[in-house]
Structures are given as structure tokens and as C-alpha cells.
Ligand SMILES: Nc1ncnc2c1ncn2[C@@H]1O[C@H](COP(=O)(O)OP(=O)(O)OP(=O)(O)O)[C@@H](O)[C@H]1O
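In C-alpha cells, one chain follows: the form predicted on its own.
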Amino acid sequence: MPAPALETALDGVRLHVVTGKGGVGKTTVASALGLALARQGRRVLLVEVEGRQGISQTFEVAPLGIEERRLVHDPSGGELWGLSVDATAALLEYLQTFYKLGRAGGALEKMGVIDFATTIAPGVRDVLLIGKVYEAVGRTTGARRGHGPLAWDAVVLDAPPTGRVARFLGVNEQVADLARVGPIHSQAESITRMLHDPRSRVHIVTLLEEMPVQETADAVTQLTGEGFRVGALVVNQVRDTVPPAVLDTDLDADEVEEQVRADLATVGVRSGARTVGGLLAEGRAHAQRLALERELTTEVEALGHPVLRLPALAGGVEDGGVSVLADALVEQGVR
């Protein structure tokens, strides 16, 4: 079955969850996606939940805190804001919202109860982190909760890696089963509905390497099997393509060697056996690498979701690299 069009996969989406195997550039892609959306006049919140301060490093700003901070004001009128969600602060906010603890919440923190609750059970921590994202997605600008325009046109979540993202997103469903009544049950059910709603999509970042591609395929199967909607598959660090003729492995070896010697002589480089042999070995390795990448590209495309490609940047994301990636996403139809 052909993959749905990118426009269909992104139409009306308000929560963009970005995941991927560790080391594939997940935070960079989340940042580029947030910037791409902001460049189209939207007010976007970029959220991280792992405490690594990856967003602040990407945009070269001071570490983010528990209050939203504006990262970019675009000429289109759009804005990109950043937030690093802290489980302790989220729990204090939760206790105040539902139980009106006020100063008692601060007393609990001083006694160590808050740290105990957020570290002794990882599931509790995940509930609090997702709860803060849920609050941001549904927040309105009216004087009363739930009234007035939405505060954010889109929220981009730099989520945990693929190895635990399904458990992270599904934790509230387990909580709802455990807490049968009360505000905890109600909020857990509301968060679960939001994450399964068509307006929430999980985008998976990969490299054209065997392990990341296999983990991407596993994540697609697991996420869809648990009712989450996969959006786009983002292939990061794509290198320039080479014409197929250059990779022709049936070329006569002696002819290739003579051509290399001739090319070296043209630019005034001595064509000794070591130099020529090294260049030929490097060329063969590069050809094999590109052939593998073509095979892996076919595997990614066969997963049945829109595929976005981001170029490899020689200088990384420093000095405007994330802006280049945002432009590439816009050019491919990210709206």
C-alpha cells in the first residue's frame, strides 16, 4: 500500500512527537521541525523531557528552565519558544491544580517527598512529564481555563528514544487502569485520548544505517500496534547522491587504475602505487556504502509512511545549521 501524502499525515496536527534511536539527531530534527513551523507564522512550543538541555545547545542559548522562553522571532510573525520540563516542578503544579496544596506543596518538597515520588517509580515521572505537555497542547489564553484562543499553534516534543517511547506515551493508560476514579483517573484518560487523537503524530528519525533502520521499523510496528499514529519518517544526514555509472562495479580494474593515474597527473600529483591503491580502496568502500544506503532507503520507504530527507551538514548544526534543516523541511512540504 502506498504511503499517505505528507500533507495528509500532517494535516491538523498540533502535537508532533519526535523520537529515534540514540545518536540519530533526534533533538536536532525536533528543533528544525519547530523552526520550520514557526517560519510559517505559527506560535510553536518546543519541549524536551530528558533534562539533557539539547535544545539550548542547538540554539546556542542559556539552559532552559521550567518557564517557556522565546528562542526565535521569525519575520513571518511566527515564534519558537523552548521549555525543559522538570518532573518535580510538574508534580508541584499538579498538586496545586487538583488539590490546592499551596504552601503545603513546598513543605513536601523540603521534606523530600517530591523527589521520592518522582524518582522511586519511573512511571510516575513519565506521567508528570506527559501531563505538562498535555497542559501546553490544550492551554488557552482566556482568563478561565479552556476559554479563549489556544496559546500554541503547535507543540513539538523531543521525546525519549524509540526503545522506550511507546512505554513513555502509554504510561497514562496504565495509570487510568490503576486509578479507577478521581482527578488522576480523569487526567490520565484525557492524556491518553490526546495522544491517540489524529492531531497527535509520532515522527521517527533514522540514519541510513542497519541498526537505526531496523529500530525504526520495530518502532513503527509497536507504535501503530498500540494505537499511536505515526507521521513522517525522517532520514537524517543524507549524503550527496552519486550517478549510478560512477558506482559500476563491472568496470575493468586496470582501466580504472589508469584513469586514476591520468587524473592525478592532470592536477600535478604523483601517482605512486600507494597513492593510487589507497584511492581505489577508498572508492570501493564508498561505493559499497552508497549501495547499502540505497537498499536501506528502499526499506524505509516500504514502511508505508511519508519520508523526509535532511542533508548531512559538514559543520554540524552550529552557525545556522538548524536553519538549513528547517528550510529543507519546508521545501519538502512541512506545513
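This structure is a prediction, so every number in the text was calculated from the model and none was measured. So that there is no doubt, residue numbering starts at 1 and follows the sequence shown.
The following text describes the form predicted in complex with this ligand, which does not appear among the structures shown.
- Shown here without its partner, the chain carries 27, 52 and 237, all of which come within 4.5 Å of this ligand in the model of the complex through at least one heavy atom.
- With the partner left out here, this ligand still marks one of 276 to 284, 59 to 67, 306 to 314, 34 to 42 in the model of the complex; by a 4.5 Å heavy atom cut-off that stretch is 306 to 314.
- Though the partner is left out of this view, residue 23 does reach within 4.5 Å of this ligand in the model of the complex, counting heavy atoms only.
- This ligand in the model of the complex is not approached by residue 326, whose heavy atoms all lie more than 4.5 angstroms from it.
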